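Single chain ahead, written as structure tokens, the form predicted on its own.
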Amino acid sequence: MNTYVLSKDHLKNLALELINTGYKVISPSKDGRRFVAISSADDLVINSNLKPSSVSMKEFFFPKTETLFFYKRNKDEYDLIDAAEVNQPQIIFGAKPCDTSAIPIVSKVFNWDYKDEFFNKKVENTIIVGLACKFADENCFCTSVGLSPVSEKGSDLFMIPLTENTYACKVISEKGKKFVSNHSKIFTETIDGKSININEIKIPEKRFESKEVKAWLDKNFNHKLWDKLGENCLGCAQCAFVCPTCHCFDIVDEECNHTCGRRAKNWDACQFEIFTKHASGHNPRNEQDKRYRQRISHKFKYYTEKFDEILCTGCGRCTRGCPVLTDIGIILEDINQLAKESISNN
């Protein structure tokens, strides 16, 4: 597929055109905290040098709260009313590989034993313009989970900086190809993809081997490491809420009064004590060490076994935002070291 040259002016003109034709245009916010829908092309933020936003872009596919249907009491029965469908097309600019790659990863669980049409329709109606990443700090570990700063996974179009004001824009998917065709006045100048120099983009060294981490998890369900990690964790679940791949939710009926209400899907997290509490009062994960073990095991063992995907993109958000400085990268390095020691001892 073709590769085009786009200037920042091209991108602003494209954003303006899309806003005026009914698209929801999404970009990292200027304060770097989250992805936001913008109403002006001047608010478009595309910068390879910025660190990942504090919060991922997943809420544009998997909202914090989402109405499944409404209900209304009608004498002795209830009428069910479908939630109004929102089919507004949306486009996300400036998403780094640690965000874009999350979409195909979590799509597997949202299409496993049941196809979540709420999620799928949003993915179908979205163009993702990925961006090569020039930022790396001590919290990043994308290369340890099979990704890199130039991973195109999950993108429909993928941009690589050429100069301070221009980007190479590669067409990745058929959806991206159709989008380019529909906006051919913007996508005019092509470039040979082989001539793009990515040597300026530093590829971080691997911090751990994910296969060795999984091998250790397979055999150490009751290891003393979990006690140490559980003592430090507050169970606040900020790690799950900022994570691009955490996808747990609860379904509840919320009454507006005794005659009507809605059934809604709300974010939830395995780090909350109530998450696994039974109606009987029994809780199989009644201590924080068990809950933190679940977090690591789900991402690096259970999901891998079920879907052949690591449920982590190495973005480092959970570490940067943790109030007690729990560093998942260091934890995985420690597990990797324990795995090596186990092999040498045997």
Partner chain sequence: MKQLIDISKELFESKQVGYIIGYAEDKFKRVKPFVAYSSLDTERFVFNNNSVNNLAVYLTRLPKAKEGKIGIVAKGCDIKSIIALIQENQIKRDDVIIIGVNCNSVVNQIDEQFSKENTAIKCKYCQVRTPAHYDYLVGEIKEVELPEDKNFAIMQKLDSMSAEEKWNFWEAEFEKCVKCYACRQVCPLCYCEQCIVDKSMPRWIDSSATTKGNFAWNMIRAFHLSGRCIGCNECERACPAEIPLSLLNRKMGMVAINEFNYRHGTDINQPTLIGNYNVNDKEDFIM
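Please read these numbers as outputs of a predicted model, since none were measured by experiment. Residue numbers count along the first chain shown, from 1.
Keep in mind the form predicted in complex with the partner chain is missing from the figure; the text below concerns it.
- Comparing 271-279, 209-217, 86-94, 177-185 against the partner chain in the predicted bound form, the single stretch with non-hydrogen atoms within 4.5 angstroms of it is 271-279.
- Although the partner chain is omitted here, in the predicted bound form none of 18, 125 and 167 has a heavy atom within 4.5 Å of it.
- Residue in contact with the partner chain in the predicted bound form (any heavy atom within 4.5 Å), chosen from 255, 205, 192, 113: 255.
- When the partner chain is considered in the predicted bound form, only one residue from 65, 40, 286, 47 comes within 4.5 Å through any heavy atom, namely 65.
- Residue contact check for residue 55: one or more of its heavy atoms lie within 4.5 Å of the partner chain in the predicted bound form.
- A residue is said to contact a partner when one of its heavy atoms sits within 4.5 Å of a partner heavy atom; residue 120 fails this definition for the partner chain in the predicted bound form, lying far away.
- When contacts are judged by a 4.5 Å heavy atom cut-off, residue 306 does not count as touching the partner chain in the predicted bound form.
- Among heavy atoms of residue 9, none comes within 4.5 Å of the partner chain in the predicted bound form.
- Residues from 124-158 that approach the partner chain in the predicted bound form with a non-hydrogen atom closer than or equal to 4.5 Å are 138, 139, in the order they occur in the chain.
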